[in-house]
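This document contains two forms of one protein chain, each encoded as structure tokens and listed individually as structure 1 and structure 2.
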Structure 1
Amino acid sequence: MSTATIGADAARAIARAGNEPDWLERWRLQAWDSYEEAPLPDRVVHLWRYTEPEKFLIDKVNPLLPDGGEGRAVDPAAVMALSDKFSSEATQNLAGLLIQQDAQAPVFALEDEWRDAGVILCDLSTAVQQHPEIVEKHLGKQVPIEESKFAALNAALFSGGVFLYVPAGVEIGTPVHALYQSGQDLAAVFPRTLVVLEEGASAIMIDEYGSAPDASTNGASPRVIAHAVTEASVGKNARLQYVNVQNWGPRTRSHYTQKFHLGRDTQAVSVGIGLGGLYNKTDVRTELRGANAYSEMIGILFGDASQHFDNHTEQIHVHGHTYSDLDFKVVLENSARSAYTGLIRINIDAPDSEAYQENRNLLLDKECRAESIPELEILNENVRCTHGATVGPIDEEQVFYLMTRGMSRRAAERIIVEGFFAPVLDRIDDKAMHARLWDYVRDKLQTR
């Protein structure tokens, strides 16, 4: 693993290290040009009013280059043993696992049952070599270079990455887990995930970002700038359950973009878990492009210390007879900050659509602050839309009641926070996934 001077040469070096085809190198260079030419987002624009785009510039850090190794396919049981984050029962219920640290060659495994069925789980670099026709067809189609300045930066400099492909009619009943960790100080990293589900396919995926201690900082969390992108193409009558876990270290600045396109009779459940990172900006959009498409967007955010979170969601109804539902819950303590902006847009050609949006914020301390801005853009009258938002402190009567039963204040607050998050997490039907998500939340609660 090495670093590179920021510029087009870095994009070329990544392409050559991965022996990428000409079309991908050209795409990277176009992306770099777009990044350089695009201005920084204007703070006057409402989606950036709470966040400083300068925080995500990479002029004082180094983009990491791949080490040139090939992904190491190993026995699934050996890979599962690398992760001790979950209970043994949940760990045994994985269909596959991919682990990557910085730009090192990833370790990945997939159960034989799904490999024999045509499922592909590997890093994007391997996918480009072994399945170029699939990658070229879908890469950058949901999150194009023109999406934003920082999306272009990811396109130019991503390495490794995650690729999940499920062929038509194949239904994976247990989760696939991808874990990306950054452990080098003063580095810029660019995780990218591409998910492709063909007609009638289904998959459950956990995509986790985290930090590992860096020896050069005496075990402290590394200072990292992360620009991550996830895009998913979900075919007709396919079903995707995707969970993104932002569990970065306390000195990471993270910009994350996620876009899904849903076809006819498609179902997608998108879950965002925001726990880590110092300064975070997240943009999540789902476009319902076919009749009877269904989108469920679930958000859990728990901020403490001086963490900053800025989340923006979009529910875009392109086609009629589509349904979307969003439930986003935030808990803050100490001097943490959260800004949430949620847009529902129903196009003029999308009659008989239904959309719901709810954002609730629980403040545990007087110094923390939350903003909630729901937005509606309804261009067709024959629709049903509702939205709601609340921001308020913890109920002192509830705290007092629990303390009279012998609990400390912090124990009482933990119970209240669990009760606040429970209605959202309980919407996850898969038992293994449900248990994993509670593990994330409870791990954060235990550090209070």
Structure 2
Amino acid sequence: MSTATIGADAARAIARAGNEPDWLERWRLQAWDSYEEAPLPDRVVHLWRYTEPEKFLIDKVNPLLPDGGEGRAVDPAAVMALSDKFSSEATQNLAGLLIQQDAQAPVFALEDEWRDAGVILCDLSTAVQQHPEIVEKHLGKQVPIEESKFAALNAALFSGGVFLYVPAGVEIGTPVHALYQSGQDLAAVFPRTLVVLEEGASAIMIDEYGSAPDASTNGASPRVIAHAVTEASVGKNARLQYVNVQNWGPRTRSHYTQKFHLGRDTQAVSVGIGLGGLYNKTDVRTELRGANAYSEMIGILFGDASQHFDNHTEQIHVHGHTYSDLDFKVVLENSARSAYTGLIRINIDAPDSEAYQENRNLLLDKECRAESIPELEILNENVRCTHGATVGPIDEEQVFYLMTRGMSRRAAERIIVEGFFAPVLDRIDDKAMHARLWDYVRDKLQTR
């Protein structure tokens, strides 16, 4: 069978397994056609200058099909216990938790308080059964099929997924955590998250991707191609903190697309954590579409071995009186590579906007390489905008200072790197996740 048939059949099978409405099945099939028909991205176009799109094709791996089970709402205590499987840290003080393994139906739990307030947390298949009108209104609106060849691929083949809906005026003070874990070898996986905050709502959402070896790999990390998508619609006067933790295993190639739509008087903080994967491309865009929309995009990336990272960000000021600030910190060791391109666009009818961008890169070894390329399209003159980028090794004078206090060179480098990441990591409110991220970072540093 050709890939085309496999893909269309898979899209159909996923739609049927989820008992999805016709519009969704049609959308998936259309997405698959679009994926098949779209040429590979042009390497001359700057977005793909640093990364080979062929690496994300799925013809040598198997798209995972759902097992036919339905997403299950379970008792919060049960799902919290389940989370221990994924994390040594106790997962406490969560408003909700959702766990998905490969293409299996997710389990999820939401504290009663929030369920009673009208919050919805479940997988997308369940959501489309129970709340079809909300899903139809928002799914694929920020990341439509036309977004890109690989966004179309996700639309065709995602299963399970995460749906978080917070109704007007509901403010969830504690985080909602979603864990996606791949285990199967030679698989293509398609995590998808849809966050909708209505007027005056607030939420903290943590999305985490990881891999764990399963029986098929004899303890080695699975070989996976992951195409993930997150879209968020943040309504008037709503506040979202969204944390995306990319901690795929060392034999995963990952492509990730994230798009936020900010309405009037909104605040969104997008935190990107890039740790895992072998070959990774990430495309994150926030569109400020209402007056007083406020966006922070902060992130860290820590690459080692021969990891490849290609991060692109877009701060798009569609409306005037909007504010965006981006701070992306990169540390590389061994022969890791990072290419960062960051676009600030301020439209002609977006006066009185402010946009800031900073990308700093610390190179710990001679063989690692980083590129940093800001791109400015400032069409209105009445704005404030700055950008800055640095690429270089650790400052030897800092190392000397710390060594005069008794720390070894390694210990000095470690504490400098920790300090470099701290302003971003310390923004993460969830204590367990905060501790876990520091563990991930320190684990990588310990190997030095």
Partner chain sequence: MSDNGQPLFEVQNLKVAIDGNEILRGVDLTINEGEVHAIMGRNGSGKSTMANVVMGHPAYEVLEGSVKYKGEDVLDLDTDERARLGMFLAFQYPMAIPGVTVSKFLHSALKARAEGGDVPVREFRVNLNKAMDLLGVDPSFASRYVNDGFSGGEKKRLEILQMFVLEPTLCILDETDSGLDIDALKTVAEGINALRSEQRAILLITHYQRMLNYVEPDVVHVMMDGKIVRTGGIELAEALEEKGYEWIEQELFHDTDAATAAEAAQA
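If you superpose the two forms and keep the largest set of C-alpha atoms that fall within 1.5 Å, you have the rigid core. Residue positions are counted from 1 along structure 1's sequence. Computed from a predicted structure; not experimentally measured.
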- Could you point me to the form predicted in complex with the partner chain, 1 or 2? 2
- Item | Relative rotation of the two rigid parts between structure 1 and structure 2, taken as the smaller one's turn in degrees | 17
- The CA shift of H434 between structure 1 and structure 2, rigid core aligned, in angstrom, is 4.7
